[in-house]
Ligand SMILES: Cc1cc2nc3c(=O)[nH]c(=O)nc-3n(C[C@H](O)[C@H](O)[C@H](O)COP(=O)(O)OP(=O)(O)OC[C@H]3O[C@@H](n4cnc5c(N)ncnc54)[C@H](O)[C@@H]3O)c2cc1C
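Presented as structure tokens, the chain that follows is alone, the form predicted on its own.
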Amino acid sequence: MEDLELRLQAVKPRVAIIGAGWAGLAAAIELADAANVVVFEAGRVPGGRARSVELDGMRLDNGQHILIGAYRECLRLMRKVGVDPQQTLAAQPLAWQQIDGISMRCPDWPAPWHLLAGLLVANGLRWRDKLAMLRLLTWLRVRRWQIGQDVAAQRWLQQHGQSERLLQCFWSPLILATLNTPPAQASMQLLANVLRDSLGSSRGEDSRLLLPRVDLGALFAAPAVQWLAAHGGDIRLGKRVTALDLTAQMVDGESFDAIIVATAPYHALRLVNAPALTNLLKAWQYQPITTVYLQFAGRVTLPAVMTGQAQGLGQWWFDREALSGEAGLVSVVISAEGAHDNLTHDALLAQVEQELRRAVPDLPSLLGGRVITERRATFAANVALPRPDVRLPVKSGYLAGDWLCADYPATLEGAVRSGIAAAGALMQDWTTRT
């Protein structure tokens, strides 16, 4: 890396990055020492689909994101911009706590011992189900987490001996939480990749859940922008790009040596004139994520900081007071499309509160609630979904975004890896030309 920087010192490319989500910021950080970086962001705050928003006088995250210990690139870049993961993330061993389903907690041991220990003491599962899950994960490990021809996860799991109880209380909630796609259409191979880096990792710490203790802006986006500004980056918030000419390397009439489009795929469709990419993305589907915030008058004590339910609308409840000190606040996550899409905000708030009160009868009075729905929160992680390359079919044009990371569904780690890959491809091409 040092040799590359020395060669580029004499001729630094001027690089435009369109989008200040985690992918665009990752690309900018990787390029900061080797290029003159200009970041364009349509919103007034950075972070993309993982940011904080002001809503009716409350500062809330636009969704509840979870990291795991295997997200090495996320954690590396957080440290690089001055964020201490030990302070900003609450780490806990892999746990599965449902009020009406399965309860399991795995110790910080290498695979497969952590899972074996967790299953031995798991509540809510018959021994035949525990053995069926263990056999399946062992088979996947032997196959190096490759299933062969990709198929829908629900169908594949049924064919591999997973009972209705396991599907309802473990596999379906896991698929919704990680792939944000209904199990009947979600890619089993992508699920296997997620399992490989969590349940299947030989490093015990890789499977740890990392829950944010701070809002999403403070977790990465705001410190990244500050770090970039201190390292010569030009960050233009509230600047929507309206004219992009990749052939001429122009952004709104301004000339650059290279351009990285780090937006959501549906925005890339509008900006990038590339027939192959257009044809691919036009066939894509998207899935929503709804986050319901309930503000109570006093302390709320959930069964666990992150508590799930197998039946009902609210899939996962998060104790925000325990995590980030937001007194009396509970966030409830509903992944993918479903019956809740047909409810008004008031009806949804009422039903989610009712479900919570059934599990926690001594809840204090409700002061109010908010609903945040990202209608196109993620691409649908469908079976055998083709992904584009980070290089566009024009000189010095690149893509970044969680949708470029073929190994993962839409995750923060996928976004960061794609930004790093785009920056690496750009530097490699620039070095070759110069």
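Numbering starts at 1 and runs along the sequence shown. From a predicted model like this one, the values you see are computed outputs, not experimental measurements.
One more form of this protein should be noted, the form predicted in complex with the named molecule, which is absent from this view; the next part is about it.
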Does residue 15 reach the named molecule in the model of the complex if we count a contact as any heavy atom within 4.5 Å?
-> no
Flag residue 316 as yes or no: does it have a non-hydrogen atom within 4.5 angstroms of any non-hydrogen atom of the named molecule in the model of the complex?
-> no
Is there a heavy atom of residue 340 lying 4.5 Å or less from a heavy atom of the named molecule in the model of the complex?
-> no
Mark residue 382 yes when one of its heavy atoms lies within 4.5 Å of a heavy atom of the named molecule in the model of the complex, and no otherwise.
-> no
Candidate stretches 38-46, 52-60, 361-369, 388-396 - the one whose heavy atoms come within 4.5 Å of the named molecule in the model of the complex | 38-46
In sequence order, which positions of 257-282 have a non-hydrogen atom within 4.5 Å of the named molecule in the model of the complex?
-> 262, 263, 264, 267, 271
